[in-house]
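Shown here is one chain on its own, the form predicted on its own, set out as structure tokens.
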Amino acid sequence: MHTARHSPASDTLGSLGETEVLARIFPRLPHADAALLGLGDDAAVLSAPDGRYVVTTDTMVHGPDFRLAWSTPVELGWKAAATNLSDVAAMGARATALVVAIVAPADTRVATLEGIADGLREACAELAPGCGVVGGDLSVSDTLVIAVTAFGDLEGRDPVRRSGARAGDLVAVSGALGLAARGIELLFADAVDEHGHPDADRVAAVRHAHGAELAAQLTPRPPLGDGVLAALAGATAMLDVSDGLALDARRLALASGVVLDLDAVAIGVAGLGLEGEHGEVTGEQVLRGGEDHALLATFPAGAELPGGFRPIGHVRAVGASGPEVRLDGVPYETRGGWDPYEDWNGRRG
């Protein structure tokens, strides 16, 4: 049972220093079953029974990637873990360990880092039991940054790449689409004042009224187990839907040299079972919204779809226009999806 205490509100990173801060954080972090040597040395040692391992990394920066005004520290830790765990799952691997680096202003409360550690622990416990934090780094900056590297075990299987889709394959997805986009749009529309600055009372009101959409955005729950199930079921290609279904489908199409022909009914709001309970999610958000962290995969024709995968289209041979995404047979413009260089408005909040 986790018994680490919370730091007094007055304690900051600058007032305690790195050694004491790490001593407060380490007990809160999850243990990794694959760690032969974990926290406390210059580097960790992980077991790799397969002889290979999957590795991925992602960075969250205050401003373009999150806002402290509407994300709690626990939510930040959860999302930092979940987004990396999803990339491991998209390769058909089981997540085994995380390395976490945090840079933060000196006046950051130690309790903030403790909350991030709690979020990392809770996400691993729920989404990837046995995965834990085996190392990292702590430094100072004028902007809070959380960088996570995740490792995964292929367990003797070949990795499922983006480049294996073939004409005749079935296109399928596991996980919700559009909810995370709806959540962030609600925050920017209804959780800010007339000058565009986050307002605590409005944030609380949005949380109360739109809990499901905000949970999808702030504490995503990717269908990690379906990544392994897809690999076992013979998935020919797969990726994590982090930048929008249409944009990520194009990436898979380009990597495989094929056309992904999506079915408008299957990916529409009613087709995803969101009408009624989440009726405000639009087709635009489903197609172009980012940060869903669903799994998009292709399977051989006639394959039985595993887990939560549902069919949303077919893989076609390329025509004169080359690899592309189509919607009901018509080429679909795949602009959209998250691009920090184009979409960040320069604010933090």
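Keep in mind that this is a model prediction, so the values were computed, not measured. The first residue of the sequence shown is number 1, and the count goes up from there.
Just so it is clear, the following notes concern the form predicted together with another copy of the chain, a form of the same protein that is not shown.
Student: Can you tell me which of 215 to 223, 202 to 210, 228 to 236, 139 to 147 lies within 4.5 Å of another copy of the chain in the predicted bound form, counting heavy atoms only?
Tutor: Stretch 139 to 147 is the one.
Student: Verify the flagged residues 14, 42 and 54 against another copy of the chain in the predicted bound form: is each one within 4.5 Å by a non-hydrogen atom?
Tutor: Yes, each of 14, 42 and 54 comes within 4.5 Å of another copy of the chain in the predicted bound form.
Student: Should residue 118 be classed as touching another copy of the chain in the predicted bound form when contacts are defined as heavy atoms within 4.5 Å?
Tutor: So residue 118 does not count as contacting another copy of the chain.
Student: Within a 4.5 Å heavy atom cut-off, is residue 254 in contact with another copy of the chain in the predicted bound form?
Tutor: No - in the predicted bound form, heavy atoms of residue 254 and another copy of the chain never come within 4.5 Å of each other.
Student: Is the gap between residue 260 and another copy of the chain in the predicted bound form 4.5 Å or less for some heavy atom pair?
Tutor: Residue 260 lies outside the contact set for another copy of the chain.
Student: Taking heavy atoms and a 4.5 Å cut-off, does residue 305 contact another copy of the chain in the predicted bound form?
Tutor: No - in the predicted bound form, heavy atoms of residue 305 and another copy of the chain never come within 4.5 Å of each other.
Student: Could you check which residue among 111, 99, 186, 266 gets a heavy atom within 4.5 Å of another copy of the chain in the predicted bound form?
Tutor: Flagged contact: 99.
Student: Which pick from 170, 74, 127, 91 sits with a heavy atom within 4.5 Å of another copy of the chain in the predicted bound form?
Tutor: Looking at 170, 74, 127, 91 one by one, just 91 meets the 4.5 Å heavy-atom criterion.
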